[in-house]
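Below you'll find only one chain, the form predicted on its own, shown as structure tokens.
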Amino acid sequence: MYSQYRVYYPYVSPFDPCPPQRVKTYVVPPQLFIHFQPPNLPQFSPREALFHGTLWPELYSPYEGRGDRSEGRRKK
């Protein structure tokens, strides 16, 4: 199975006033690796499928939110 996570290294300008982000990551959707639906694909139970958002474990991609994004939001 392929990894869903990809890494790239953006150009860092010597004249950029902001601190550089040398490594960036992104997630590739798992359906890009399955070109057709194979027969007898394993399935989650109906309850697990509701929690995961898909019936098939091979199409599940966990969401891992970044903790630093919530710092700028106001609390109610």
Partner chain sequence: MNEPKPVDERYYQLLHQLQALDFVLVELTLYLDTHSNDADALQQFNQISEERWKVACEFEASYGPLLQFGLSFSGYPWQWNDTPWPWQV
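Everything quoted here is computed from the prediction, not taken from an experiment. Positions refer to the first chain, counted from 1.
This protein has a second form, the form predicted together with the partner chain, left out of what is shown; the following refers to that one.
Open item on the list: Between P62, G53, P20, P10, only one gets a heavy atom within 4.5 angstroms of the partner chain in the model of the complex; which residue is that?
Closed with: Looking at P62, G53, P20, P10 one by one, just G53 meets the 4.5 Å heavy-atom criterion.
TODO: Verify the contact flag for V27: yes if a non-hydrogen atom of it lies within 4.5 Å of a non-hydrogen atom of the partner chain in the model of the complex, no if not.
DONE: Close contact is absent here: in the model of the complex, V27 is far from the partner chain, nothing within 4.5 Å, heavy atoms only.
Open item on the list: in the model of the complex, is there a heavy atom of the partner chain that lies within 4.5 Å of any heavy atom of P46, even though the partner is absent here?
Closed with: Contact with the partner chain, yes.
TODO: Considering only heavy atoms, tell me if P42 and the partner chain come within 4.5 Å of each other in the model of the complex.
DONE: Judged by the heavy-atom cut-off of 4.5 Å, P42 is well away from the partner chain in the model of the complex.
TODO: For the heavy atom contacts within 4.5 Å of the partner chain in the model of the complex, list the residues of 25 to 41 involved, in sequence order.
DONE: Result: F36, Q37, P38, P39, N40.
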